[in-house]
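In structure tokens, the next block holds one chain alone, the form predicted on its own.
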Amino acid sequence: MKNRLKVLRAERDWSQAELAGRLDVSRQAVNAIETGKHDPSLPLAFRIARLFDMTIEDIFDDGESA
């Protein structure tokens, strides 16, 4: 699943470790989500969206058009 997580993190000048701390996950989990190797759980997707004050759909793209 494509996502804007790396761009959003870079805009705030946060490291992967900083973002991981804010989300209560490992740095490796952040890396796996950013690179598309892992999709976040629904609760984690909600935490990410809340942290960036965006909707899940604004951050993640499942490739299907509405």
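One rule holds for the numbers: they count along the sequence shown, beginning at 1. All values derive from a computational prediction rather than experimental measurement.
If you look for the form predicted in complex with the DNA, you will not find it shown, but the lines that follow are about it.
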Open item on the list: Residue-level question: is residue 44 within 4.5 Å of the DNA in the predicted bound form, judged on heavy atoms?
Closed with: yes
Open item on the list: Can you tell me whether residue 4 touches the DNA? I mean in the predicted bound form, with a 4.5 angstroms heavy atom cut-off.
Closed with: no
TODO: Look up in the predicted bound form whether residue 57 has a non-hydrogen atom within 4.5 angstroms of the DNA, and give yes or no.
DONE: no
Open item on the list: How about residue 24 - does it come within 4.5 Å of the DNA in the predicted bound form, if we only consider non-hydrogen atoms?
Closed with: yes
